[in-house]
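Presented as structure tokens, the chain that follows is alone, the form predicted alone.
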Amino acid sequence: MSGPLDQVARQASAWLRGGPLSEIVISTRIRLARNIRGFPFLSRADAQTRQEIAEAVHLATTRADALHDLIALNVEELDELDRALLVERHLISRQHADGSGARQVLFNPDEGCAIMINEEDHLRIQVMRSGLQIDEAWDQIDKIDDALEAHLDYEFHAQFGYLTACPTNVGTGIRVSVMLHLPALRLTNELEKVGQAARDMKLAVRGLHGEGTEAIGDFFQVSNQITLGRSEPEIIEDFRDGVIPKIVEYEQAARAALMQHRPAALDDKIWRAMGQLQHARLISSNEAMQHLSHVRMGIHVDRVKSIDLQTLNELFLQIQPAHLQKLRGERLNGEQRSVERASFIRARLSQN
């Protein structure tokens, strides 16, 4: 079994390589929703119109100075496994993977920038950075947006701003999302602090793969819900100076409390997780993610010294169902994946 994404499955995404506050903030992502004037929204677009939209966007990307060396994939032609792999790498959404008709994704080799064509809107432009890099991500995506707008006539209303298929994106069309690793807050039963901080700022808390997904391995995404009536700098400021530093502070305090007042309970979680990962012969993706989460915390609180963080971060991706099957080179059923996952983790950990 081979395909266009074989090599992608073997490499680490740039947004997993570590950045500011990366012990808690895994990544920063900014998306922009855009539609092209003269074309109907996708819910009213026939097959020919979808194809014309795809061609117009693709042409614009080839002319935009801010976009070079993009890898272009026709999502419509990819098999189910390759589409699932792109979802696991956060390059496309589940909606894009499960959609129908002409739709594409373009991304650069380090996967820091991606453009979905014909997802919910004509364009979904995305930039991802490792750690807390909100200003840097905004500067990059703003340049990409301007470069594309030089060759595309966006649907824009003087009063309402950018017009989008979903009313919650009307206005700036911006969606800021920060992925957080919060194992100590879960262990101390204080996750409600995260929910309350998000609600106070009218933000949403979601699982690892965004809307409609549950938190796995103590990973959470915090994102804005409203774009209308707020400027991009205001939304960016909410994340940079408001809710994210507060949540980071909560998690840091929870880790410190565990180390000071419940060291045995902390060590038990970490070393039980290590034992399972080093010796299990069958392990599900959810169970593996939870154990890896505890070991990752163990690295950052200086308990685990035999495993480097890069190896652990890579495992978070490579143990996912589509990645495992791509790396193995064959389709696997549920039990076979559990066997392969356990074997793969044991092999990787033994290399350290």
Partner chain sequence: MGLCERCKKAQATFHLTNIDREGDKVERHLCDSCATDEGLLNPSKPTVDLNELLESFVASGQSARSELSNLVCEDCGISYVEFRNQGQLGCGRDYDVFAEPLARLIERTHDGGAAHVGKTPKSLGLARKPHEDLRRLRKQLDDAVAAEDYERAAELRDRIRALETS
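This one's a predicted model, so the numbers in the text were calculated from it and none came from an experiment. Residue numbers count along the first chain shown, from 1.
Not on display, but discussed next: the form predicted in complex with the partner chain.
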item	value
Partner contact for N286 in the model of the complex: the partner chain, 4.5 angstroms, heavy atom	yes
The partner chain contact in the model of the complex: P321, any heavy atom under 4.5 Å	yes
Proximity of Y250 to the partner chain in the model of the complex, heavy atoms at 4.5 Å	no
In the model of the complex, R44 touching the partner chain (heavy atom, 4.5 Å)	yes
Contact test, all of F219, M259 and L266, partner the partner chain in the model of the complex, heavy atom 4.5 Å	no
Selected contact from E237, D110, E190, D79, since only one has a non-hydrogen atom within 4.5 angstroms of the partner chain in the model of the complex	E237
Of M179, V75, L163, A198, the one that lies within 4.5 Å of the partner chain in the model of the complex (heavy atoms)	L163
Per-stretch contact check against the partner chain in the model of the complex, the hit in 250 to 258, 67 to 75, 266 to 274, 165 to 173 (non-hydrogen atom, 4.5 angstroms)	165 to 173
Residues within 4.5 Å of the partner chain in the model of the complex, restricted to 218 to 242 and counted by heavy atom	Q225, I226, T227, L228, G229, R230, S231, E232, P233, E234, E237, R240, D241
